[in-house]
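Just one chain is shown here, as structure tokens, and it is the form predicted on its own.
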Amino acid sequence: MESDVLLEMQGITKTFPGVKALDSASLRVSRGEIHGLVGENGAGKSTIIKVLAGVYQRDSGSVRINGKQPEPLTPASVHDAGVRFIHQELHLVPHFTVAESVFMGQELAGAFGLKRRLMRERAETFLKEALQANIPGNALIRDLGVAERKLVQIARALVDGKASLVVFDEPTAPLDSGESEQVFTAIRQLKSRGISMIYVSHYLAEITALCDSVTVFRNGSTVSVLEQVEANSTDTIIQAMVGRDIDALYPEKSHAVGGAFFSVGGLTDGQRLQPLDLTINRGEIMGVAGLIGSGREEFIDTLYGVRAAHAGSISLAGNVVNIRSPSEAVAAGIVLVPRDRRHDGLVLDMAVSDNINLATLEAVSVAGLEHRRKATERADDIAATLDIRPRNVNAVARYFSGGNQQKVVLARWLITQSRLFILDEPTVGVDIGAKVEIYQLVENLVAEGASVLVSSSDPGELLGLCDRIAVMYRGALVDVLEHDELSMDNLISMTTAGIPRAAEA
């Protein structure tokens, strides 16, 4: 008798240098079900999927697919076992047709070359019957919408008819709500055909709407399995995801918040960012929360002039300012610590001293030439204040740890005495000790009268640092959580479901 269990991963452990990404984690998927996999960032979801894909080799544990243990577990052996992966990135060639994309790597050929007509007919038939999608086989990928491209990506993985388990990794992150529904229709159609699925998503509203059961990961381990998911399961899932005390990491909020200092009205890039209104007070830490595709990145980039604003206004201390480039933002007193510090925040092969002085060279120059001793002394003073290690500002920035590289970027802007600091993912890739120091620096900034905007994918970080939190969902600002409304439950509910508090009441 055939077992009801299609996939069973038990006791999976995976360690990287200094990090245990998975700690005896387990994942079990039954035949014909859609199984959700959820957890906060860094919980281990991506790692266990890569173990299943044969991309990472596990340190210990067992993997059984259809009752068998593919050994070694490689991308080829997993594919042969009937497992397919639909990644967040599309990886499609823009000038290929739909048929060429669906059959890429598995083309139908005869004695006289490719059977283009047959590929087109089969691609159209598969898209219609398996995914409920009417997409012409001769259409070019570049002419399709994002949702249609996602459906082509799914068809490419499944057209050989040998899939028994499909893993969807954040499939709707780049889609708006209308486009997402097209993908949901396709997923439900696959389920009706007996195909099992693992659905990885931060959007809990999608999890409760689509999935039959859910596994929750936290800190690399399986902490909960809900055998039956219902519309009201969100609170139970959130409680399992959180399960930790976040207060010890963060400084006591001792700063005084003043009146309105910075505001945007109707700001939009005319593309993914819908018109947005937001006010930040003097001496306030304002958070911006939202999942991948929520519009957080577009908002920050538009605010700083990296991305062109299509409409809207920006006011600072009661004066309207025009920001069409980062240099104009800096001139107005607005500075950014970017999310990708290595590529956008530092010149890695320059010394720490040069990186620190980069934005204010005129302060350490004489007759247009840099005064090296003055630049070094200035950098050394701020490095001592921020405890940048090693304490050698002549060393090359590339060889410093992530936390100390982040301090170097902060140091550059601290000496400008700017008025609004935008911190985009300020502690990504930073160890716990450096995080605590960076959090204290942020508190010191606002205690001295600056305002800070923190955009972060870590809800614990936002709750621990911020006075208020603006929540974004699929390109729109849906609500602002005031101080007395800040809680993990509220924040995760709003970022994953996009429902403002008034609608929840």
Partner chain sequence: MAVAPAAIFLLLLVYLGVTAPNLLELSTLSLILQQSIPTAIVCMGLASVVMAGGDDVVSGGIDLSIPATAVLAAAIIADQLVNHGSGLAVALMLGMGAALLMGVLNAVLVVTIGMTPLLATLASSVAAVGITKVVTSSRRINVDHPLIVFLRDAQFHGISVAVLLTAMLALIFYVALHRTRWGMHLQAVGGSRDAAEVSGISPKRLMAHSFLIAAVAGALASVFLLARGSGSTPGSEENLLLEMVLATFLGAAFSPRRVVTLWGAVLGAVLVSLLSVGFKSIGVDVFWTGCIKGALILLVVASAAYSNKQRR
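Numbering follows the first chain given and starts at 1. Owing to the predicted nature of the structure, the values given are computational and were not obtained by experimental measurement.
There is another form of this protein, the form predicted in complex with its partner chain, and it is not shown here; the text below is about that form.
The contact with its partner chain in the predicted bound form, taken as any heavy atom within 4.5 Å, belongs to Glu100 out of Glu298, Asp169, Glu284, Glu100. Only one of the listed residues (Val257, Leu114, Val223, Val428) places a non-hydrogen atom within 4.5 angstroms of its partner chain in the predicted bound form, and that residue is Leu114. The stretch among 272-280, 195-203, 213-221, 90-98 whose residues place heavy atoms within 4.5 Å of its partner chain in the predicted bound form is 90-98. Contact annotation: Glu179 falls outside 4.5 Å of its partner chain in the predicted bound form, judged by heavy atom distances.
Residue contact with its partner chain in the predicted bound form: Arg142 places a heavy atom within 4.5 Å of it. Among residues of the shown chain, Gly105 is one whose heavy atoms approach its partner chain to within 4.5 Å in the predicted bound form. The closest non-hydrogen atom of Arg156 lies within 4.5 Å of its partner chain in the predicted bound form.
Legend note: Cα of His91 to Cα of Arg342 is at least 3 Å closer in the predicted bound form than in the depicted form. Figure legend: C-alpha atoms of Arg272 and Val152, shown here, are separated by at least 3 angstroms more in the predicted bound form.
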